[in-house]
Ligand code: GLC
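Presented as structure tokens, the chain that follows is alone, the form predicted on its own.
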Amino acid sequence: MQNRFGMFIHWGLYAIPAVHEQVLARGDWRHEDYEALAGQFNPVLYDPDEWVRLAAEAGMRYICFTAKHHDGFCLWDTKQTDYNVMHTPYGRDTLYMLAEACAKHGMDLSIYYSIPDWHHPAAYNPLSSHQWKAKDPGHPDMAAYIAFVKAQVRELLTGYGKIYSFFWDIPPQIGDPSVNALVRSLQPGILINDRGFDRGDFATPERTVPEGDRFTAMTEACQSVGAESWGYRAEEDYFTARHLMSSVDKIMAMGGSYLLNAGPTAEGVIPEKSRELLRRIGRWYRRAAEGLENTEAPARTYTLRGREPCIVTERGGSTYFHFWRGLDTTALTFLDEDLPTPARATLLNNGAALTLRYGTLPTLMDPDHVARRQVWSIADIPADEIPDEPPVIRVEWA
């Protein structure tokens, strides 16, 4: 998972009440009332090609689709339960349609699968979380449920082409390596997250930006454009583009991948506000991507005068300085005495060529108040022209 940017899609029956993807539990609905929503599910405006084009416009390389969320409703033609999209007025395999669109446009496809299942009668697991709306907590049968999960995994990983990664949700606190072994046998080379029945390949920080400047293990952070829900919410409170761009910049500069979610409506349309955010982030991301994708940790350390948080990446002989929280000044002064000579500095956000200066640092401005030293600076940075973007500066060396 080499620093890739992806789209998360949370979609299901919960788009109809348009409150929250866990409305069955959080709204304390009766099971029969919630399950009756299947009779209304008819996303006649669903256009997976449009979803894929939007993801590509945002600079994304893969789409992770919620094949089954906690409510147990399945968005593919599963033979393991009738509680699926084929038994709705829509009656079409939405996952298959998305897989076709991804293949046509060169977009990778990932699959999300919830281990909690509030519809399956044997799924209650007292060792795990998100169990409070289980269908039949008095009669758990984890062996029967795992057999059901494996049968569905076999369907998902044999009928929809190459799958890039598999996103389990909610660790079951039950060790069963045979489940991930099945996943790998069906899709050699697939990446599996750490929320399943064993350790998996990558960590998944959710709605958070970890401290530090470099991940020590493969990581895919996930966030939604909406602050309240992952599924479609009619009265959503959206994050700002600046907050989301800063999160993407820091996570990816640390060596991780980023999965950004949008929840489509019951009709199958990604809301315009979500689309606007994704396009805005994409305009920044496409300019900054060379400092985020296929990069490495720097071979040397850099000491900057000032307090602006900065993460450094390298690629192809160039060094990239990521100011994910923004810049307070229009110049950067490097205090290191053993740096090579810079040849060019460019603000990737707008392509501006920046001024390079050489000279001595006056004692008064030296944070250590020691003798003058030779330094170089990047000056005339038009930070005020990009107030809502994290600046990314590329330095090429002589």
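Not measured: the values here are computed from a predicted model. All residue numbers are counted from 1 along the displayed sequence.
This protein has a second form, the form predicted together with ligand GLC, left out of what is shown; the following refers to that one.
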Interface residue in the model of the complex among 245, 111, 222, 95, criterion: non-hydrogen atom within 4.5 angstroms of ligand GLC
222
Residue within 4.5 Å of ligand GLC in the model of the complex by heavy atom, from 141, 155, 169, 314, is 169
Within 4.5 Å of ligand GLC in the model of the complex by heavy atoms, the stretch out of 63 to 71, 44 to 52, 31 to 39, 351 to 359 is 63 to 71
Could you tell me if residue 22 has a non-hydrogen atom within 4.5 Å of ligand GLC in the model of the complex?
yes
Residue 87 versus ligand GLC, in the model of the complex: is there a non-hydrogen atom within 4.5 Å?
no
So, in the model of the complex, is residue 195 in contact with ligand GLC at a 4.5 angstroms heavy atom limit?
yes
Contact label in the model of the complex: residue 5 to ligand GLC, heavy atom within 4.5 Å
no
Contact test, all of 214, 296 and 323, partner ligand GLC in the model of the complex, heavy atom 4.5 Å
no
If we check ligand GLC in the model of the complex, which of the residues in 203 to 233 reach within 4.5 angstroms of it by a non-hydrogen atom?
206, 222, 230
